[in-house]
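Single chain ahead, by itself, as C-alpha cells, in the form predicted alone.
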Amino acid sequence: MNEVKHLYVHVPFCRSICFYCDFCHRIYDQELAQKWLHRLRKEMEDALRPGYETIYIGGGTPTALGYGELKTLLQLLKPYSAQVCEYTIEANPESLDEDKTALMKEFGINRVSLGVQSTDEEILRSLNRKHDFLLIQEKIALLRKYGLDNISVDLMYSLPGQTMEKLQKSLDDILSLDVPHISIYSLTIEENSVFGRKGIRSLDDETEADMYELIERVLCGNGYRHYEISNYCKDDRYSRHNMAYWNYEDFIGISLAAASKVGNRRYTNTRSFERYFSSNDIREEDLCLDKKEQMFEHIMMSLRTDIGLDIKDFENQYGCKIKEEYPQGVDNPHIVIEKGRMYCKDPAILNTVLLDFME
C-alpha cells in the first residue's frame, strides 16, 4: 500500500445535473453530505496511508459541498497531503466563491480543473450548465487572486447544435483566458444520462473529426503541447495525476464509484449510497489481471501520450521482448520506435492501432 503514490477522491454531489452526465452523483443535500463525510472518514482510516505525491478531488462537483463540508473534507485529507506535489480539485464556476477559494489555498490545493464545456450560452443552456463566459472570467480572476494559477479548463465538442463557428468562438474565448491546461472531450451519449433517455445524439463522425482537427490546429498553433489524446498544456503544466494513469502506475480511489489499481488488481467501489453507508464490503468489482492483460493495458495507456512507452522498463517489468510479443503491433505503420520508446503517430486513431496489439 505504501508504494501507491496517487489518490483520487470522488465527491458524489452536484448542485444541478448536466444532461450529458452519467457519473455517480446526487443533487446536493446537506444531511446526506454530512453522512457521506462520516463514512468517508472510516474508509480513509481503513484504506489510506501517508505519502501520496498527487491527490485529485473530482466528482460530481467538489465545490457543490457547503463551506463547512468542504473544510471537513480537506481536514480529513490533511494527514495524507504533506508530501503532495500536485493537489487538484474540480470546480464549477457557479459553486466556486471566495471563501471556498481561500479554503482551498489554505489546505495546499495548487491546481484547479474548471468546468467550462462551451462559451456559447445557447449550448450551455442545452447542457443544463448554469454559467456564462463572464462568470468564467470572474472565477479565473478569483483563482489567480489567491495564487491558484495552475488552472485547467474543460471543453466539449460534437455537441447538439454546435457548429464549427461556435466551436471556434469557444476556442478563441478560452485562449483569451491564458490558462496553462485544456482538456477536450467529445460528447458521448450515456444510456442513463438525460440525453440518453431523450434519444439525443452527438454529431456525425465526419463533423466530429473535423472539430477534433480544428481544436488540434488552433491549440497547437497557440503554443499548447498536445501531450495526450484529450489534453493540451503550456509550460510543462501537464496533469501529473492523470499521467500516473497513462504511465500505468498504481493508484487508490476512495468514495462511491471510485476505481483503484494496485499491482495486478483492479477494483471499483459501489455506486449505491445505501450499500456505501451500511456495509463494510463496498467493492462492486474486483478483478485480478493476468500478465497478458496487464501488458496490453500498459501499452494501451502509454500510447495515449506523446512520450509513449519506455520499452526497456516494459520489457524488464514483464520479462519479454516487445517485438517478439507483439510483432504485428510493432509493425503497424502508425507505430514509431526511436530512442528506446514506442509511440503512436496519431493517437486519434489509437483504437484501430491497438487491434494489432490485441491480435
Partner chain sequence: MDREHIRNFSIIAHIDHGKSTLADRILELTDTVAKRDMQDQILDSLELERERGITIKLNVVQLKYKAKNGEEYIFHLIDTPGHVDFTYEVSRSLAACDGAILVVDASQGIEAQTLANTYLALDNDLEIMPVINKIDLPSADIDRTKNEIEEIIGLDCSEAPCISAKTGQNVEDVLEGIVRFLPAPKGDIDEPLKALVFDSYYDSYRGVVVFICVKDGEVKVGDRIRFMQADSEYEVTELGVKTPYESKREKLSAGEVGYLCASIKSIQDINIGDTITSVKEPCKQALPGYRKMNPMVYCGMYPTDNNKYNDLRDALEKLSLNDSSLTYEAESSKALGFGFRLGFLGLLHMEVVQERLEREYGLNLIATAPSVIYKVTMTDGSVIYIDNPSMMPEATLVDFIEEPYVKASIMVPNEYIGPVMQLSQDKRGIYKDMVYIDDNRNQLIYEMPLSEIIFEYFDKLKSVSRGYASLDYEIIGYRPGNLVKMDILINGEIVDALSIIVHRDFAYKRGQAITVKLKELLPKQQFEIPIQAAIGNKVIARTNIKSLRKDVLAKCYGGDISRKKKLLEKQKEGKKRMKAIGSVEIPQEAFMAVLSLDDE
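Please read these numbers as outputs of a predicted model, since none were measured by experiment. Numbering follows the first chain given and starts at 1.
If you look for the form predicted together with its partner chain, you will not find it shown, but the lines that follow are about it.
K.L.:
With a 4.5 Å heavy atom cut-off, would you call H334 a contact of its partner chain in the predicted complex?
P.N.:
Contact with its partner chain, yes.
K.L.:
Taking its partner chain as it sits in the predicted complex, is D306 near enough to touch it, meaning that at least one heavy atom pair lies within 4.5 angstroms?
P.N.:
No, D306 is distant from the partner.
K.L.:
Decide whether C220 counts as a contact residue for its partner chain in the predicted complex under a heavy atom distance cut-off of 4.5 Å.
P.N.:
No, C220 sits far enough from its partner chain in the predicted complex that none of its heavy atoms falls within 4.5 Å.
K.L.:
According to a 4.5 angstroms non-hydrogen atom cut-off, is S202 in contact with its partner chain in the predicted complex?
P.N.:
No, no contact at 4.5 Å.
K.L.:
Establish, in the predicted complex, whether Y245, R266 and N351 all lie within 4.5 Å of its partner chain, using non-hydrogen atoms for the distance.
P.N.:
Every residue of the spot touches its partner chain in the predicted complex.
K.L.:
Given that its partner chain is left out here, which of D149, E121, D210, E138 has a heavy atom within 4.5 Å of it in the predicted complex?
P.N.:
Checking each option against its partner chain in the predicted complex, the one that comes within 4.5 Å is D210.
K.L.:
Go through L76, A259, V262, A102 and name the one with a heavy atom inside 4.5 Å of its partner chain in the predicted complex.
P.N.:
After the contact test, the surviving option is A259.
K.L.:
Okay, which stretch from 91-99, 246-254, 126-134, 140-148 lines its partner chain in the predicted complex, with non-hydrogen atoms inside 4.5 Å?
P.N.:
Going through the listed ranges, the match is 246-254.
K.L.:
Who in 291-306 is close to its partner chain in the predicted complex, meaning a heavy atom within 4.5 Å?
P.N.:
Counting only heavy atoms within 4.5 Å of its partner chain in the predicted complex, the contacting residues of 291-306 are E293, F296, E297, M300, M301, R304.
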